[in-house]
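Below you will find one chain, with nothing else, as structure tokens; this is the form predicted on its own, and questions on how it binds or moves follow later.
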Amino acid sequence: MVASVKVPNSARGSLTSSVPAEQMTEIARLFEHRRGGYSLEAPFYTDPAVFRLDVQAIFGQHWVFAASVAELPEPGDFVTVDYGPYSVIVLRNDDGGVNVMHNVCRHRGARVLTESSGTTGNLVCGYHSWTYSPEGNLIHASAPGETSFDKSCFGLKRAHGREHAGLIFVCLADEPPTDFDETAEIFEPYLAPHDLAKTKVAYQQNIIEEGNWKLVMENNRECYHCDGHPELACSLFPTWGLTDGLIPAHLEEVWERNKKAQDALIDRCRRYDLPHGVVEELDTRVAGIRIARDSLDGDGESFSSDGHRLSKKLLGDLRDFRLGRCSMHLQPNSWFHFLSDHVVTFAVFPVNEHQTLVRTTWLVADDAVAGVDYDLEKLTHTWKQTNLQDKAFVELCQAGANSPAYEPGPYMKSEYQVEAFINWYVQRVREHLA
């Protein structure tokens, strides 16, 4: 089941290099003189020119999470992914791989596929019926009496695509960053036991947040605000991100319960030979990552009010429901929760400098039956509510960044992952500008 949403297109447009030199100098100064440990200055969240630079330097150069294999399991299945001015087709090919093509007809530039997902044979532009093979080759351009032309010169433009542990990534750069293989080697052992190839989409939610994409990512990188997530706090320990010496008095009891639950989880991971330790390289590599297996409160099984499982079907090769959550953050646009009974993927796609599409997808075992093995409302309840609360938090920050009174504030110690994300972002853009 997919919840559709109309994506605003008011600020979409072609990338431009026509930013006046004086303005470009000011933008470069902002990056060069960014104050560490503090939130960014307002133009990072509000300036259309900075947004265009973000698209060029980040989303135009790095590996971006696009979808899971559950969204396109069969040859001909596709999803379309839009970010900034780009629209990309990700299509499952006959060889089991993925073809990634720009969703721009080589005739007049119309969108070739207008649906967010589906199944197709050839790709037919709805405007003048130019037809492309699944590989993007132009095979038909009906124009009786027209001068012939070389069709081989007018195939859909290709981009890079790859699949690791059931996650599909795309990269628009001519030469993608080369350290992604190393990052994949980190996360594949954690994810493989959940076997995404044997899952299906239970539900997908698209939300447009009225906030810059960096505010969306920043909000996800800390739990300082988790008192604002009552449904999530039933199972997710609100002490996430804290360490001894940083525990507020009202969370001391929770902290002790968290430590005991984590010790028990580690014992089970050792019993089943599951990796569980923290790997945190958010700003020390180009393909930044954080991954760990963390305990959950209550029964320790899933994101429910009592921590009890939300689907009766275990995923993959797992043999125990009490495995907490394997959480992963990947720069620049995604985070994930791999549980024993389901998986939740989150993808962030910037629309413009003040709007961001957040796509959340719930995956369950491919033989799980809705209404029998899981209740869809219960399965999605916690994160549906949490997403709405996060949307409100992000929009509060965007409103603040728009105010002349705004100035950067200091990050708390528990917000060190926010600092790492911003540090990664600033480094990548500086490299692009160099």
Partner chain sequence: MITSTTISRAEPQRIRGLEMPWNRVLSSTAGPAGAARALGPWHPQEFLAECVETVPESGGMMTFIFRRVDGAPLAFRPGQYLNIAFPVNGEDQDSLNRSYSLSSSPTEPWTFNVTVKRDPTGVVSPWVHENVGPGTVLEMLGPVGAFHLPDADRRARYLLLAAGAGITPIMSMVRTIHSLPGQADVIVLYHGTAPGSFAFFKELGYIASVDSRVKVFYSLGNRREPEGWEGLNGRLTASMIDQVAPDANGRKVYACGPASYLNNAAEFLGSLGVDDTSIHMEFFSGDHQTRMEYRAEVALAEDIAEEIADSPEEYYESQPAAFGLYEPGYDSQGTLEAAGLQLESVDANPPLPEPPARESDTESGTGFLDTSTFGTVGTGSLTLSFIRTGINVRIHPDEQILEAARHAGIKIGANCQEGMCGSCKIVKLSGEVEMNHQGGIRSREIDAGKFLPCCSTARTDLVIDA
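Computed from a predicted structure; not experimentally measured. Residue numbers count along the first chain shown, from 1.
One more form of this protein should be noted, the form predicted together with the partner chain, which is absent from this view; the next part is about it.
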Original post:
Among 243-251, 325-333, 216-224, 122-130, which stretch has residues whose heavy atoms lie within 4.5 Å of the partner chain in the predicted complex?
Top reply: 122-130
Original post:
Heavy atoms within 4.5 Å of the partner chain in the predicted complex: does residue 177 have any?
Top reply: no
**OP:** Verify the contact flag for residue 375: yes if a non-hydrogen atom of it lies within 4.5 Å of a non-hydrogen atom of the partner chain in the predicted complex, no if not.
**Re:** no
Original post:
Would residue 365 sit within 4.5 Å of the partner chain in the predicted complex, counting heavy atoms only?
Top reply: yes
**OP:** May I ask you to check whether residue 388 falls inside a 4.5 Å heavy atom distance of the partner chain in the predicted complex?
**Re:** no
Subject >> Answer option from 153, 278, 143, 139, heavy atom within 4.5 Å of the partner chain in the predicted complex >> reply: 139
Subject >> The unique member of 314, 186, 264, 232 whose heavy atoms fall within 4.5 Å of the partner chain in the predicted complex >> reply: 314
Subject >> Heavy atom of each of 29, 163 and 181 within 4.5 Å of the partner chain in the predicted complex >> reply: no
Original post:
Of 291-330, which residues get within 4.5 Å of the partner chain in the predicted complex if you count heavy atoms?
Top reply: 301, 308, 309, 312, 313, 314, 316, 317, 318, 319, 320, 321, 322
